[in-house]
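This document opens with one chain alone, in C-alpha coordinates, the form predicted on its own.
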(Lines give C-alpha, C1' and ligand atoms only; values in the text may rest on other atoms or scores of the structure.)
Protein backbone atom coordinates (compact mmCIF):
# COMPACT_ATOMS: atom_id res chain seq x y z
CA UNK A 1 0.00 0.00 0.00
CA UNK A 2 1.42 3.36 -1.02
CA UNK A 3 2.10 5.87 1.77
CA UNK A 4 -0.05 8.80 2.86
CA UNK A 5 1.42 12.30 3.17
CA UNK A 6 -0.19 14.85 5.48
CA UNK A 7 0.73 18.35 4.28
CA UNK A 8 -0.05 21.06 6.82
CA UNK A 9 -0.11 24.56 5.34
CA UNK A 10 -0.75 25.32 1.65
CA UNK A 11 0.45 28.89 1.54
CA UNK A 12 3.33 30.09 -0.62
CA UNK A 13 5.72 27.18 -0.06
CA UNK A 14 3.07 24.60 0.78
CA UNK A 15 1.16 25.16 -2.45
CA UNK A 16 4.32 24.58 -4.53
CA UNK A 17 5.13 21.43 -2.57
CA UNK A 18 1.55 20.26 -3.16
CA UNK A 19 1.98 20.60 -6.93
CA UNK A 20 5.24 18.63 -6.78
CA UNK A 21 3.72 15.91 -4.58
CA UNK A 22 0.82 15.52 -7.03
CA UNK A 23 3.31 14.26 -9.61
CA UNK A 24 5.00 11.63 -7.41
CA UNK A 25 4.06 8.04 -8.26
CA UNK A 26 5.47 6.74 -4.96
CA UNK A 27 2.72 8.47 -2.93
CA UNK A 28 -0.70 6.96 -2.35
CA UNK A 29 -2.71 9.83 -0.89
CA UNK A 30 -2.03 13.50 -0.20
CA UNK A 31 -4.05 14.98 2.62
CA UNK A 32 -3.66 18.76 2.58
CA UNK A 33 -4.64 20.85 5.61
CA UNK A 34 -4.94 24.57 6.12
CA UNK A 35 -6.88 27.07 8.20
CA UNK A 36 -8.31 28.67 5.05
CA UNK A 37 -10.78 26.11 3.68
CA UNK A 38 -11.76 28.04 0.53
CA UNK A 39 -8.17 28.61 -0.56
CA UNK A 40 -7.07 25.10 0.44
CA UNK A 41 -9.87 23.41 -1.48
CA UNK A 42 -9.16 25.49 -4.58
CA UNK A 43 -5.42 24.73 -4.44
CA UNK A 44 -6.09 21.00 -4.07
CA UNK A 45 -8.44 21.11 -7.07
CA UNK A 46 -5.80 22.97 -9.08
CA UNK A 47 -3.06 20.51 -8.10
CA UNK A 48 -5.18 17.54 -9.09
CA UNK A 49 -6.40 18.84 -12.44
CA UNK A 50 -2.91 20.16 -13.29
CA UNK A 51 -1.40 16.78 -12.48
CA UNK A 52 -4.01 15.03 -14.65
CA UNK A 53 -3.12 17.41 -17.49
CA UNK A 54 0.50 16.36 -16.92
CA UNK A 55 -0.37 12.67 -17.16
CA UNK A 56 -0.79 11.79 -13.48
CA UNK A 57 -3.84 10.90 -11.43
CA UNK A 58 -3.13 11.74 -7.78
CA UNK A 59 -5.44 11.11 -4.86
CA UNK A 60 -5.74 14.46 -3.05
CA UNK A 61 -8.16 15.59 -0.39
CA UNK A 62 -8.44 18.71 1.74
CA UNK A 63 -9.23 18.94 5.46
CA UNK A 64 -9.62 22.29 7.24
CA UNK A 65 -7.32 22.31 10.27
CA UNK A 66 -6.24 24.82 12.90
CA UNK A 67 -2.97 23.79 14.54
CA UNK A 68 -4.02 25.80 17.57
CA UNK A 69 -6.68 23.13 18.15
CA UNK A 70 -4.68 20.25 19.63
CA UNK A 71 -7.67 17.91 19.70
CA UNK A 72 -8.34 18.52 16.01
CA UNK A 73 -4.70 17.82 15.12
CA UNK A 74 -4.72 14.59 17.11
CA UNK A 75 -8.01 13.48 15.57
CA UNK A 76 -6.83 14.26 12.02
CA UNK A 77 -3.59 12.33 12.44
CA UNK A 78 -5.35 9.43 14.15
CA UNK A 79 -7.94 9.21 11.36
CA UNK A 80 -5.65 9.67 8.35
CA UNK A 81 -2.70 7.62 9.69
CA UNK A 82 -0.07 9.47 7.62
CA UNK A 83 3.32 7.90 7.03
CA UNK A 84 4.88 11.36 6.71
CA UNK A 85 3.74 14.69 8.12
CA UNK A 86 5.14 17.81 6.50
CA UNK A 87 4.38 21.20 8.02
CA UNK A 88 5.00 24.56 6.38
CA UNK A 89 2.72 26.43 8.80
CA UNK A 90 3.95 29.70 10.30
CA UNK A 91 2.21 32.70 11.87
CA UNK A 92 3.78 35.08 9.32
CA UNK A 93 5.46 34.44 6.02
CA UNK A 94 9.20 35.13 5.83
CA UNK A 95 9.20 37.52 2.85
CA UNK A 96 6.95 40.32 4.18
CA UNK A 97 9.87 42.64 5.10
CA UNK A 98 10.72 42.71 1.38
CA UNK A 99 7.49 44.67 0.79
CA UNK A 100 8.83 47.64 2.74
CA UNK A 101 10.58 50.55 1.00
CA UNK A 102 14.26 49.69 0.43
CA UNK A 103 15.65 51.71 3.35
CA UNK A 104 13.20 50.27 5.87
CA UNK A 105 13.53 46.75 4.48
CA UNK A 106 17.31 46.93 4.83
CA UNK A 107 16.99 48.16 8.41
CA UNK A 108 14.63 45.39 9.50
CA UNK A 109 16.65 42.69 7.75
CA UNK A 110 19.86 43.94 9.37
CA UNK A 111 18.57 42.42 12.63
CA UNK A 112 18.94 38.95 11.14
CA UNK A 113 16.32 36.29 10.55
CA UNK A 114 16.45 34.99 14.11
CA UNK A 115 14.45 37.85 15.59
CA UNK A 116 11.38 36.41 13.82
CA UNK A 117 11.74 33.16 15.73
CA UNK A 118 8.42 33.48 17.67
CA UNK A 119 6.33 33.53 14.48
CA UNK A 120 8.02 30.36 13.19
CA UNK A 121 8.35 28.47 16.47
CA UNK A 122 4.80 28.78 17.81
CA UNK A 123 2.82 26.58 15.40
CA UNK A 124 5.56 23.98 14.98
CA UNK A 125 5.76 23.64 18.76
CA UNK A 126 1.98 23.18 18.99
CA UNK A 127 2.07 20.56 16.25
CA UNK A 128 4.84 18.62 17.97
CA UNK A 129 3.08 18.78 21.33
CA UNK A 130 0.02 17.20 19.72
CA UNK A 131 2.08 14.52 17.95
CA UNK A 132 3.97 13.60 21.08
CA UNK A 133 0.72 13.37 23.05
CA UNK A 134 -0.61 11.06 20.34
CA UNK A 135 2.67 9.08 20.38
CA UNK A 136 2.95 9.45 16.60
CA UNK A 137 5.73 7.22 15.27
CA UNK A 138 5.88 8.40 11.65
CA UNK A 139 8.24 10.86 9.97
CA UNK A 140 7.78 14.54 10.76
CA UNK A 141 9.33 17.21 8.52
CA UNK A 142 9.12 20.95 9.18
CA UNK A 143 9.86 23.98 7.03
CA UNK A 144 9.73 27.09 9.30
CA UNK A 145 13.30 28.05 10.30
CA UNK A 146 14.24 24.49 11.34
CA UNK A 147 17.92 25.28 12.02
CA UNK A 148 16.82 27.04 15.20
CA UNK A 149 13.16 26.06 15.76
CA UNK A 150 13.89 22.33 15.82
CA UNK A 151 16.91 22.86 18.04
CA UNK A 152 14.71 24.69 20.56
CA UNK A 153 12.16 21.87 20.35
CA UNK A 154 14.88 19.31 20.99
CA UNK A 155 15.57 21.03 24.31
CA UNK A 156 11.89 20.40 25.11
CA UNK A 157 12.06 16.77 23.86
CA UNK A 158 9.74 17.68 20.98
CA UNK A 159 12.11 17.54 18.00
CA UNK A 160 10.73 16.57 14.56
CA UNK A 161 12.62 14.07 12.42
CA UNK A 162 14.33 16.93 10.59
CA UNK A 163 13.73 20.15 8.71
CA UNK A 164 13.60 20.76 4.97
CA UNK A 165 15.43 23.12 2.62
CA UNK A 166 18.09 25.62 3.73
CA UNK A 167 21.43 23.74 3.66
CA UNK A 168 20.17 21.39 0.96
CA UNK A 169 19.45 24.38 -1.25
CA UNK A 170 23.16 25.29 -1.24
CA UNK A 171 24.54 21.85 -2.15
CA UNK A 172 23.04 21.71 -5.69
CA UNK A 173 24.82 24.92 -6.65
CA UNK A 174 28.17 23.59 -5.46
CA UNK A 175 27.69 20.26 -7.21
CA UNK A 176 26.72 21.93 -10.49
CA UNK A 177 29.68 24.31 -10.50
CA UNK A 178 32.14 21.61 -9.43
CA UNK A 179 30.97 19.24 -12.18
CA UNK A 180 31.32 22.00 -14.74
CA UNK A 181 34.82 22.89 -13.54
CA UNK A 182 35.89 19.23 -13.59
CA UNK A 183 34.17 18.52 -16.92
CA UNK A 184 32.52 15.43 -15.42
CA UNK A 185 28.90 14.22 -15.12
CA UNK A 186 27.00 15.71 -12.19
CA UNK A 187 26.28 12.27 -10.71
CA UNK A 188 30.03 11.71 -10.20
CA UNK A 189 30.32 14.69 -7.85
CA UNK A 190 29.60 14.31 -4.15
CA UNK A 191 29.38 17.21 -1.70
CA UNK A 192 29.56 17.09 2.09
CA UNK A 193 28.60 20.37 3.72
CA UNK A 194 27.96 21.43 7.30
CA UNK A 195 26.40 24.88 7.42
CA UNK A 196 23.67 27.02 8.95
CA UNK A 197 20.61 28.77 7.50
CA UNK A 198 22.55 32.04 7.80
CA UNK A 199 24.93 30.98 5.02
CA UNK A 200 22.35 30.64 2.25
CA UNK A 201 21.67 34.35 1.73
CA UNK A 202 25.40 34.86 1.12
CA UNK A 203 25.72 31.89 -1.23
CA UNK A 204 22.96 33.28 -3.47
CA UNK A 205 23.46 36.95 -2.64
CA UNK A 206 26.11 39.58 -2.15
CA UNK A 207 29.45 38.62 -0.52
CA UNK A 208 30.38 40.15 2.84
CA UNK A 209 33.58 40.60 4.77
CA UNK A 210 32.58 38.03 7.39
CA UNK A 211 30.75 34.78 6.65
CA UNK A 212 29.33 32.09 8.94
CA UNK A 213 31.70 29.18 9.55
CA UNK A 214 31.14 26.03 7.50
CA UNK A 215 32.80 22.76 6.53
CA UNK A 216 32.93 21.77 2.86
CA UNK A 217 34.25 18.70 1.10
CA UNK A 218 33.85 18.03 -2.62
CA UNK A 219 34.63 14.56 -3.94
CA UNK A 220 34.91 13.09 -7.42
CA UNK A 221 34.76 9.30 -7.56
CA UNK A 222 35.80 9.16 -3.90
CA UNK A 223 38.77 11.53 -4.25
CA UNK A 224 38.83 14.80 -2.34
CA UNK A 225 38.95 17.56 -4.97
CA UNK A 226 37.90 20.45 -2.72
CA UNK A 227 41.12 22.40 -3.14
CA UNK A 228 41.58 21.43 -6.78
CA UNK A 229 38.22 22.92 -7.81
CA UNK A 230 38.38 25.86 -5.40
CA UNK A 231 35.53 24.75 -3.16
CA UNK A 232 35.11 27.97 -1.20
CA UNK A 233 35.27 29.97 -4.42
CA UNK A 234 32.47 27.87 -5.91
CA UNK A 235 30.40 28.21 -2.75
CA UNK A 236 30.33 32.00 -3.03
CA UNK A 237 30.56 32.29 -6.82
CA UNK A 238 27.97 34.66 -8.33
CA UNK A 239 24.85 32.68 -9.15
CA UNK A 240 21.85 34.92 -9.62
CA UNK A 241 18.41 33.58 -8.76
CA UNK A 242 15.15 35.55 -8.58
CA UNK A 243 14.42 37.23 -5.24
CA UNK A 244 11.51 36.45 -2.93
CA UNK A 245 9.08 33.58 -3.30
CA UNK A 246 10.61 32.12 -6.46
CA UNK A 247 12.99 30.22 -4.18
CA UNK A 248 10.01 28.12 -3.05
CA UNK A 249 10.61 25.97 -6.15
CA UNK A 250 14.14 25.22 -4.93
CA UNK A 251 12.89 24.39 -1.42
CA UNK A 252 10.08 22.23 -2.80
CA UNK A 253 12.45 20.30 -5.07
CA UNK A 254 14.75 19.59 -2.14
CA UNK A 255 11.78 18.53 0.00
CA UNK A 256 10.43 16.10 -2.60
CA UNK A 257 13.82 14.44 -2.99
CA UNK A 258 13.98 14.00 0.79
CA UNK A 259 10.50 12.44 0.86
CA UNK A 260 11.44 10.08 -1.98
CA UNK A 261 14.52 9.01 -0.05
CA UNK A 262 12.53 8.25 3.10
CA UNK A 263 10.18 6.07 1.05
CA UNK A 264 12.95 4.27 -0.84
CA UNK A 265 14.44 0.89 0.02
CA UNK A 266 17.89 2.26 -0.80
CA UNK A 267 19.90 4.69 1.31
CA UNK A 268 21.06 7.97 -0.22
CA UNK A 269 23.31 10.82 0.89
CA UNK A 270 21.38 14.08 1.33
CA UNK A 271 21.57 17.20 3.49
CA UNK A 272 18.96 18.41 5.94
CA UNK A 273 18.66 21.12 8.55
CA UNK A 274 18.23 20.05 12.17
CA UNK A 275 18.39 16.26 11.92
CA UNK A 276 17.60 14.88 15.38
CA UNK A 277 17.08 18.45 16.58
CA UNK A 278 20.70 19.52 16.03
CA UNK A 279 21.45 23.19 15.27
CA UNK A 280 22.06 24.07 11.62
CA UNK A 281 22.43 21.57 8.78
CA UNK A 282 24.39 18.34 8.15
CA UNK A 283 24.92 15.55 5.63
CA UNK A 284 22.59 12.64 6.35
CA UNK A 285 21.91 9.13 5.09
CA UNK A 286 18.20 8.66 4.34
CA UNK A 287 16.33 5.51 3.32
CA UNK A 288 13.97 2.81 4.57
CA UNK A 289 11.95 5.45 6.45
CA UNK A 290 14.89 6.37 8.64
CA UNK A 291 17.59 9.02 8.88
CA UNK A 292 21.07 8.96 10.34
CA UNK A 293 23.93 11.42 10.36
CA UNK A 294 26.58 10.80 7.72
CA UNK A 295 30.14 10.46 8.93
CA UNK A 296 32.57 13.06 7.59
CA UNK A 297 36.25 12.24 7.37
CA UNK A 298 38.25 14.80 9.32
CA UNK A 299 35.29 16.24 11.23
CA UNK A 300 33.70 14.95 14.42
CA UNK A 301 30.05 15.45 15.24
CA UNK A 302 31.02 17.72 18.12
CA UNK A 303 33.04 19.89 15.73
CA UNK A 304 30.14 20.01 13.27
CA UNK A 305 27.72 21.09 15.99
CA UNK A 306 30.17 23.77 17.14
CA UNK A 307 30.34 25.18 13.59
CA UNK A 308 26.58 25.66 13.52
CA UNK A 309 26.36 26.97 17.05
CA UNK A 310 28.91 29.66 16.14
CA UNK A 311 26.78 30.47 13.11
CA UNK A 312 23.67 31.36 15.14
CA UNK A 313 24.89 34.91 15.65
CA UNK A 314 24.80 35.55 11.90
CA UNK A 315 21.02 35.13 12.22
CA UNK A 316 20.96 37.43 15.26
CA UNK A 317 20.97 34.67 17.90
CA UNK A 318 23.62 34.57 20.60
CA UNK A 319 22.80 31.14 22.03
CA UNK A 320 20.12 28.56 22.82
CA UNK A 321 20.05 27.58 26.47
CA UNK A 322 19.40 24.15 27.97
CA UNK A 323 15.70 24.85 28.62
CA UNK A 324 15.14 26.10 25.05
CA UNK A 325 15.38 29.79 25.92
CA UNK A 326 16.86 31.75 23.02
CA UNK A 327 19.12 34.70 23.75
CA UNK A 328 19.26 37.23 20.92
CA UNK A 329 22.32 39.27 19.99
CA UNK A 330 22.01 42.75 21.56
CA UNK A 331 22.39 44.53 18.22
CA UNK A 332 19.62 42.41 16.69
CA UNK A 333 17.20 43.13 19.53
CA UNK A 334 18.06 46.82 19.36
CA UNK A 335 17.02 47.07 15.70
CA UNK A 336 13.48 45.91 16.45
CA UNK A 337 13.30 47.97 19.62
CA UNK A 338 14.24 51.13 17.72
CA UNK A 339 12.17 50.47 14.59
CA UNK A 340 9.09 48.72 15.98
CA UNK A 341 9.12 49.43 19.70
CA UNK A 342 9.34 45.66 20.19
CA UNK A 343 11.75 44.66 22.94
CA UNK A 344 12.80 41.03 23.30
CA UNK A 345 16.29 40.07 24.39
CA UNK A 346 15.37 36.52 25.47
CA UNK A 347 12.61 34.19 24.32
CA UNK A 348 11.37 31.38 26.52
CA UNK A 349 9.42 28.90 24.36
CA UNK A 350 6.35 29.20 26.58
CA UNK A 351 6.13 32.91 25.71
CA UNK A 352 6.46 32.32 21.97
CA UNK A 353 2.82 32.79 20.97
CA UNK A 354 2.35 35.99 22.97
CA UNK A 355 5.58 37.47 21.62
CA UNK A 356 4.69 36.41 18.06
CA UNK A 357 1.35 38.20 18.23
CA UNK A 358 3.01 41.34 19.56
CA UNK A 359 5.76 41.25 16.93
CA UNK A 360 3.27 40.74 14.10
CA UNK A 361 1.06 43.61 15.31
CA UNK A 362 3.99 46.01 15.71
CA UNK A 363 5.42 45.08 12.32
CA UNK A 364 2.06 45.67 10.63
CA UNK A 365 1.87 49.13 12.19
CA UNK A 366 5.42 49.88 11.08
CA UNK A 367 4.68 48.71 7.55
CA UNK A 368 1.45 50.76 7.46
CA UNK A 369 3.35 53.87 8.54
CA UNK A 370 5.53 53.41 5.45
CA UNK A 371 2.63 52.88 3.07
CA UNK A 372 2.53 49.07 3.09
CA UNK A 373 -0.67 47.29 4.07
CA UNK A 374 -1.04 43.52 4.10
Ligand SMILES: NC(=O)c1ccc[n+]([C@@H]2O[C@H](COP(=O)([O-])OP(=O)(O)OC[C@H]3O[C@@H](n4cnc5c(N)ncnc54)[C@H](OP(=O)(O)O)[C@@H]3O)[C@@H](O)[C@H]2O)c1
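Only a predicted model underlies this, so the values are computations on that prediction, with no experimental measurement involved. Numbering follows the first chain given and starts at 1.
Although it is not shown, the form predicted in complex with the ligand is what the next lines describe.
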TODO: May I ask you to check whether residue 169 falls inside a 4.5 Å heavy atom distance of the ligand in the predicted complex?
DONE: yes
Open item on the list: Residue-level question: is residue 39 within 4.5 Å of the ligand in the predicted complex, judged on heavy atoms?
Closed with: yes
TODO: Please run the contact check for residue 120 against the ligand in the predicted complex: heavy atoms, 4.5 angstroms, yes or no?
DONE: yes
Open item on the list: So, residue 95 and the ligand: in the predicted complex, are they within 4.5 Å at any heavy atom pair?
Closed with: yes
Task: Contacting member of 331, 66, 323, 343, with respect to the ligand in the predicted complex [4.5 Å, heavy atom] - done: 66
Task: Answer option from 89, 193, 148, 159, heavy atom within 4.5 Å of the ligand in the predicted complex - done: 89
- [ ] Go through 306-314, 44-52, 29-37, 335-343 and give me the stretch that gets within 4.5 Å of the ligand in the predicted complex, heavy atoms only.
- [x] 29-37
